[in-house]
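Presented below, as structure tokens, is a lone chain in the form predicted on its own.
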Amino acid sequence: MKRILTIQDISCLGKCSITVALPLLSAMGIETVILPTAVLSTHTMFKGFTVKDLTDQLSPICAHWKQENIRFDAIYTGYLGSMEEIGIVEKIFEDLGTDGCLKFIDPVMADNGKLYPAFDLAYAKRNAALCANGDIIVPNLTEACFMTDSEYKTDYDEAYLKEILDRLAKLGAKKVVLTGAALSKGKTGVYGLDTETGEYFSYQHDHIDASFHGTGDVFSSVSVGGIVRGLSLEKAFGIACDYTAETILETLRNPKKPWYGVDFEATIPELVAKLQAALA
């Protein structure tokens, strides 16, 4: 069984970050180890949430793992709250990966043309340096623009997306993938570039006019899970796109319509079935 380490925060209630990654990756048949960067009572869309920073615990935990000769087949990073944590992650890449360890980076820091309130341009540039270490990076368009000093557009064409991908490639990652990329009206999905072959690839599905916290974490977790299980990039990202969309639709069917996250628990059987069919 493959072993993956995911490094991000724990929002105790809110269906995002580790509370999404751990169950989904486990359901996909991967031993999942967590390294929490912080513990929050809820995610940050709630008012009055509590937060306990765990940065000072990251290095001691990893030193213990190194002493025990624990290594990982893949390392998957999500929300990192500070430049110090990014530096620790770079050391983890060096110390705890197996030969051929997959480094999958989701540089969570911005959306809809704006950085999250806790971050600034210096943080965006530090994330760009982190992405140089990645085998696969999956920024959304906003994050990609901040990391590459590109103009953010909501009305764009395929040539614009290719230009952004080419700029991302210069950061140093092997495979760069834009999430939430629309190649035609009414569609959305991913658009990527394999820098080693020079080939572009995409997967599109119908756009759903709804927004829920944590869907990016669902997408990234399923993507890296599929790749670790041996699927091609195209198959892994296709399953991740479809599963995320189906989970949003399932949530919209819920009469209570939980505003703080998606009902991914209800669709895990569909995910397992999709994965098994793809691996058959």
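In case it trips you up, residue 1 is the first one in the sequence shown, and so on. In this text the structure is predicted, and so the values were computed from the model without any measurement.
One more form of this protein should be noted, the form predicted together with a small molecule, which is absent from this view; the next part is about it.
Interface residue remark: Val262 is not counted as part of the site for the small molecule in the predicted bound form, having no heavy atom within 4.5 Å. Residue contact check for Val108: one or more of its heavy atoms lie within 4.5 Å of the small molecule in the predicted bound form. When the small molecule is considered in the predicted bound form, Tyr79 lines it closely, a heavy atom lying within 4.5 Å.
Using a 4.5 angstroms threshold between heavy atoms, Leu252 stays clear of the small molecule in the predicted bound form. Comparing 25-33, 244-252, 227-235, 44-52 against the small molecule in the predicted bound form, the single stretch with non-hydrogen atoms within 4.5 angstroms of it is 44-52.
Contact here is defined as any heavy atom lying within 4.5 Å of the small molecule in the predicted bound form, and by that definition not a single one of Pro139, Ser220 and Ala240 is a contact residue.
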